[in-house]
Each structure stands twice: as structure tokens, then as C-alpha cells.
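There is one chain below, alone, in C-alpha cells, taken in the form predicted alone.
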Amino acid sequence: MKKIILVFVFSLIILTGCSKSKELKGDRYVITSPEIAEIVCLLEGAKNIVGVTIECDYPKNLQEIEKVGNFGNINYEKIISLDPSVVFTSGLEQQAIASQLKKLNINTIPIYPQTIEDFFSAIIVIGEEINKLDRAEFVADSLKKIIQNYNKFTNLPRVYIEIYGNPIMSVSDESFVGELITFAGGDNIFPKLPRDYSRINPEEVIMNDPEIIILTYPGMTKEQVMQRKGWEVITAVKTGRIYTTSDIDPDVILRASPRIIEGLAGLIRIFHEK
């Protein structure tokens, strides 16, 4: 019950931090990554956001803000026209975009949390940049206290998370998503991979026999997974413990945003509340 109350209180904090004022004063932010947009809103910086990519869809008021392209295809002319004081980009996946923006003499800050600890640090970095350091420290500390209540499970079900279906891709323990699995009390069947997010061999899924399968992308159904060649011997297929985007919102798992609290709660429900 204590955990539920903490999550509820933090939800209220999120809601109060996302209002957008009609009057813009001071700095002007362009944000190209949805998780960064969520953090800026939570830190009460929404009123200064003048441009976002189409993927920045939460909170809903971001959908009303000027669009500067999508995550992988930025409209540089649009960004220039918005005269931003800073552009926040994602790190690894948007390196080329950040490099181009800097060549245009636009103040650009890449944010790319690869672990939960990196996520806390990112909140502080963003808070310093938008002059909301006190709130950023409060938010990061509150999230840490909530998350510390997790990762105390003894019965760890074998879990396979599929983040893409063609080719089939999963995550390692060293990835952000892999850490969430651990904190939620799951045993990732692919603790080590060539990369944090990597293509895997379907035969290895069969060999590792997951008790739970989670799909974090649209278009794949539980029935389609059950019909894969050779997968009928997998425990999760036998018991029907296959979960899709209709069971848990992939954004609360894949995005390094304050909604990881919701993601952890959803994973715990799947892993431990049969």
C-alpha cells in the first residue's frame, strides 16, 4: 500500500509539472526526444518549449506545440526559425543531428541515459540548464526513493522482452530496459549481448525457455508468437504468459522518463501477480 501511495503522489507531481502557460518568457527550448520532453515538463519547463518532434506525445499538451520533424529526420530550417536558446537531443541515436545543429551555431545538449543512474543524472543536467535545479534534485531524489523499494524479489521468473520483430531483437542486462527487468524482479534470459539492444537468434529463445514473453512493439499478437516454429515448447507459450502493447504501454518501459515508475509497477504485476 505504501508503494501505491508513493506512486499516486508522484503522479500528482507529474500532473502539476506539465501545465503550459500562454505567455512565453525567457529561454526557448526545442526538444527532439520524447523522454527529454517528459522530464522538462515535470521540471515545470513546458511553458518554454517552442518546438518538438512528432514522437513527443506525452503529456498531451506537447501535441499542440510546433513540430520540427521526427526523431530521425529533423527540419533544421524550422528549428532555426524558432530561434531556440537550446536544443535538447538524444545522445547516440541523434549524434549526427546534434553535430549538424552545432555547426549551425545552435546551442545543443545531447541527453542519453543508458542506465537508471544515468537517468537520475540526466534530470539534474536538464534542471541546471533550464534553471530548475532545486526541483530537479527533488524529482531525482523522489524517484530514487520509490525505486529503492523494488529489486527485493526472491522468485525471479525467466523473462524475454522482444523490442522488435523483424529482425527479432532483445535487450541485455546492461541496457536501461534490462535494468528495469531486474528491478521489477525478473531474470532476463539474455543478460549478455553484443550490444545493449541487439539482434538475437530465435533458437536461443527456445533454449533459454522464458516463463514470460513481453512484446514492446505494435503489430505482433500473442497468437502469432505462439505459432512460431519450435516455440510451442517454451514455457511462456504453454502457459499463455505472453504480453503485448495492449497489456502494458511500451513507452513506460522503453523511454527513460519519469514514467518508469509506471513501467516498473506494470512489470511487477506481470512478473509476480499471476
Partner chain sequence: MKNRKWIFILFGIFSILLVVFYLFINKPTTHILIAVRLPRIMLAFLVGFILSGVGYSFQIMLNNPLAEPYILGISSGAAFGSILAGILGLYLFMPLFGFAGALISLTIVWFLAHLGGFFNRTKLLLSGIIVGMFFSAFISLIMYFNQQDIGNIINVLMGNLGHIFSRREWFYFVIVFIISILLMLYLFLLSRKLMILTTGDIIAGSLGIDVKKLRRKIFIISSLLTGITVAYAGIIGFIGLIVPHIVRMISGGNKRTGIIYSAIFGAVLLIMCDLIAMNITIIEIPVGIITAFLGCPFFLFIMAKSK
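Being a predicted model, the structure only gives us computed values, none of them experimental. Positions refer to the first chain, counted from 1.
Another form exists, predicted in complex with the partner chain; not displayed. Remarks below refer to it.
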Of S246, Q224, T239, Q63, which one comes within 4.5 Å of the partner chain in the predicted bound form, counting heavy atoms only? Q224
With the partner chain left out of view, choose which of N131, S198, T115, T182 has a non-hydrogen atom within 4.5 angstroms of it in the predicted bound form. S198
Given that the partner is absent here, does R28 sit within 4.5 Å of the partner chain in the predicted bound form, heavy atoms only? no
I168 versus the partner chain, in the predicted bound form: is there a non-hydrogen atom within 4.5 Å? yes
I'd like to know whether Y164 contacts the partner chain in the predicted bound form, with contact meaning heavy atoms within 4.5 angstroms. yes
With a cut-off of 4.5 Å between heavy atoms, is I54 one of the residues that contacts the partner chain in the predicted bound form? no
Residues within stretch 200-235 having a non-hydrogen atom within 4.5 Å of the partner chain in the predicted bound form: P202, E203, I206, M207, Y217, P218, G219, M220, Q224, M226, Q227, R228, K229, G230, E232, V233
